[in-house]
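What follows is one chain in structure tokens, specifically the form predicted on its own.
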Amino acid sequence: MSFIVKRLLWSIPTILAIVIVGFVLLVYTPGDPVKTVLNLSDQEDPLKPVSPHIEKQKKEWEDKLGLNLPIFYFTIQSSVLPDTLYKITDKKEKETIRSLCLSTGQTNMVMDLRRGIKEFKLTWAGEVKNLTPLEKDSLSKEMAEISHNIQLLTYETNKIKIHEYIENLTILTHSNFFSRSHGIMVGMEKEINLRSRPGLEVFAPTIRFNAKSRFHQWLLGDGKYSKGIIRGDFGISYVSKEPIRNHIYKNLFWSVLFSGLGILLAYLISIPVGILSAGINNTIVEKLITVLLFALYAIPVFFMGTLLQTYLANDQYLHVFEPTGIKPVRGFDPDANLIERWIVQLRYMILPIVCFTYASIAFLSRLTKTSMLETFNHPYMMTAKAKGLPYWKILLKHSFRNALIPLITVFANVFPVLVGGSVIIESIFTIPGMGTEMFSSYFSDNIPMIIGIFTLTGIFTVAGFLISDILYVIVDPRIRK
């Protein structure tokens, strides 16, 4: 019992490390989560007026995703960086402010510059909105140049170029049409001087402690938008805008079903085959079995899947099974009972299970055979032979028990497949499992879904090793010592 308790205690920091790695990947993956959720382009004109509805949606999603919170419970950063830097959700803008503050040491001046740029955007957009179509046509060239300069200025970190863009905008907005905008640019040009060099304060670190953070919301929840992954809530999908747990638990069933049956059948078939091969070692039958198994092992799974679909689920050859899906497209017959429905669904399941199983049989049977043969020269085997026990009894009672250790080790590695599924097999047979979900999430930039599957797979990996440790003790009690 103490052995199991120790293993459980050791699994806690391991799972915590997996959770932290998943969170770091979630936070520092390139891209803007809010723009991804709302399908907004990064190439949008910064001077284009944004509807109040879009701005309201942005604020709501920033709250839901925790983007306006500090990343962790404490923050260590340079003293010249502003305290409210974490509230800036635009990653490019945040990096621009960080770079300017570190290169100049003028925190207040940099923040005044960003506020001035935002005020100019709002003012200029409002003035353009009031222009007549004829005035817009006559000023189209100037308006295009203003838009271009403000786009360059928004994310610029070169101090000389910043002054250059501000001077250009001061000249371009001198017209009476843009008098208010011109006033803002003149004020920015007079007040902002970024040519200064930073002092030693750049290297002085400051530590800020945060009662609430994105990590806290992600791990434990905030009681409003998230329950935390500790309660099975992995966040919100960027694509469907629904909780990720709804997708994971729905798809997890099919991955566990197919992968679990595949692993179970692989062990049930390969262990007897391995025992048989050890019992008739170096005979013609054993060599034929080995050649057959390794021939199957050499066939790629995508080729085997296509082969099975072509010859066993095709009207031109044999249509014994169904080629894709998990059930009839039109649903089951309303009059069919539970057993009849199982029989119908079995036609959809046989071919995928074969693909999940066949490749593992050769490896596991070979491992079983090799492990059993290695035990033949051990002293306890010599004693059993000297007692005159039958050969097959020695093989099954004495050799097999000690040959289980390598098989248990392999089980710890295949256990996470229950969660991860198989992208290739699930794609070929159109199974709505975790592999298919991971594949579609990758191409849709659905980062929270990918991180959720990664975290869950890591937890299952730890669980697999924990189960293996317990099985080790059952098979060989000496291990607990």
Partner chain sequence: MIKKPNSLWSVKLDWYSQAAIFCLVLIILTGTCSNWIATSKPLYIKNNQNVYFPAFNNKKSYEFTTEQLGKKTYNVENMDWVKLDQTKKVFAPIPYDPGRSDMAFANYKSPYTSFSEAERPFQFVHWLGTNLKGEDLLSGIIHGTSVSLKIGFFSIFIALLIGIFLGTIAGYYQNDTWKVPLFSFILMLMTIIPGVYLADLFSFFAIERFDWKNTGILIGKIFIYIGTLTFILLFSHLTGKLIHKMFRFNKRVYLPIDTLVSRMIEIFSSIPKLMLIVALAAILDRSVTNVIIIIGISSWAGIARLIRGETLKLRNQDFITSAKALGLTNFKIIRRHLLPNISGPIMVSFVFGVSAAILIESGLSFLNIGVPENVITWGQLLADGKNNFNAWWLIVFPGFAIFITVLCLNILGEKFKSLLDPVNRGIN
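From a predicted model like this one, the values you see are computed outputs, not experimental measurements. Residue numbers count along the first chain shown, from 1. Only the largest set of C-alpha atoms that superpose within 1.5 Å between the two forms is called the rigid core.
There is another form of this protein, the form predicted together with its partner chain, and it is not shown here; the text below is about that form.
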*Looking at P379, G388, P205, G331, which has any heavy atom no more than 4.5 Å from its partner chain in the model of the complex?*
P205
*Tell me, out of N193, S147, S179, T310, which residue has a non-hydrogen atom within 4.5 angstroms of its partner chain in the model of the complex.*
T310
*For the chain shown here without its partner, which stretch in 270-278, 182-190, 74-82, 160-168 has non-hydrogen atoms within 4.5 angstroms of its partner chain in the model of the complex?*
74-82
*Examine W392 and determine whether its closest non-hydrogen atom to its partner chain in the model of the complex is within 4.5 angstroms.*
no
*asked:* Using a 4.5 angstroms cut-off on non-hydrogen atoms, would F454 count as touching its partner chain in the model of the complex?
replied: yes
*Using heavy atoms and a 4.5 Å limit, would one call I299 a contact residue for its partner chain in the model of the complex?*
yes
_Contact of Y472 with its partner chain in the model of the complex (heavy atom, 4.5 Å)_ = no
*Each of L25, R197 and Q316 near its partner chain in the model of the complex, meaning some heavy atom within 4.5 Å?*
yes
*Within 450-464, which residues have a heavy atom closer than or equal to 4.5 Å from its partner chain in the model of the complex?*
I450, I453, F454, T457, G458, T461, V462
*Is_shifted I236 between the shown form and the other one (CA, 2 Å cut-off, rigid core)*: no
*When the two forms are laid on each other by their rigid core, does I428 show a Cα shift of 2 Å or more between the shown form and the other one?*
yes
*asked:* If I superpose the two forms on their rigid core, does the C-alpha of K227 end up displaced by 2 Å or more between the shown form and the other one?
replied: no
